[in-house]
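First, one chain by itself: the form predicted on its own, in structure tokens.
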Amino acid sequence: MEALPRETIVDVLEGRLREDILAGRHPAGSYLPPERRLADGYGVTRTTLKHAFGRLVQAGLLETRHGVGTRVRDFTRLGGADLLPMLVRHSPDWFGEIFEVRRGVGALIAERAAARATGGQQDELRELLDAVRTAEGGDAAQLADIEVHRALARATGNRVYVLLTNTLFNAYLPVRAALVRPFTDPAAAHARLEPVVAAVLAGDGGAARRAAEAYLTATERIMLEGLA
């Protein structure tokens, strides 16, 4: 194993171990080598190794049992959606599955928001949609678009939808610069999103669902073209 540079050594070590786990070099259920051997191999102290282990335990990739050792968790069986940002950074293959969930959840959220949005939430949606149109550049339009979807989730009155939306955007945000193409023209981004908000404001759940499906499918296609 190659010794690590001394700058941000815990960060580098955490990243190296995380990639080894996600790539299957340390399979689920296996125990990592003894701490002393692992630390010597990476050229770090055991204290540094423990700090890296602590982060990976928090991330849900490792579990440490006193007197037994440190084992790789079966994160695909036991992990939660909070792992998605890490998994996306590791492999773009996750995007297809994230987009599939985005389409299904997003359409359902729009339908529920049409039925449940309060007057105040409708006013907020109008304001946030207009912020997409008036955004200066793709980066600002992209962030404004995200806030519209957060508001749609809040308008359902269901906090689980809010958390699911946050989770999907947390996976998306670390790589959002690569997914900015649908927003480089704020006027066009507004035109794609406006039918969703209009249907929600009209209280038409079926139309809101169809508009959301069309919007999510179109933006997904543009994003994937950008990645390719």
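Computed from a predicted structure; not experimentally measured. We call the rigid core the largest set of C-alpha positions that still match within 1.5 Å between the two forms. All residue numbers refer to positions in the sequence shown, first residue = 1.
Below: the form predicted together with a further copy of the same chain, not depicted.
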Original post:
With the partner left out here, if you bring back a further copy of the same chain in the model of the complex, are Gln58, Phe75 and Leu164 all within 4.5 Å of it by some heavy atom?
Top reply: yes
**OP:** Spell out, yes or no, whether the shortest heavy atom distance between Asn158 and a further copy of the same chain in the model of the complex is within 4.5 Å.
**Re:** yes
Subject >> 4.5 angstroms heavy atom contact with a further copy of the same chain in the model of the complex for Arg154 >> reply: yes
**OP:** Verify the contact flag for Gly80: yes if a non-hydrogen atom of it lies within 4.5 Å of a non-hydrogen atom of a further copy of the same chain in the model of the complex, no if not.
**Re:** yes
**OP:** Using a 4.5 Å heavy atom cut-off, state whether His26 contacts a further copy of the same chain in the model of the complex.
**Re:** no
Original post:
in the model of the complex, which of 199 to 207, 185 to 193, 26 to 34, 49 to 57 comes within 4.5 Å of a further copy of the same chain (heavy atoms)?
Top reply: 49 to 57
Original post:
Going by a further copy of the same chain in the model of the complex, which residues of 89 to 110 come within 4.5 Å of it through any heavy atom?
Top reply: Asp93, Trp94, Glu97, Ile98, Glu100, Val101, Gly104, Val105, Leu108
**OP:** Using a rigid core alignment, state whether the CA of Thr48 is displaced by 2 Å or more between the shown form and the other one.
**Re:** yes
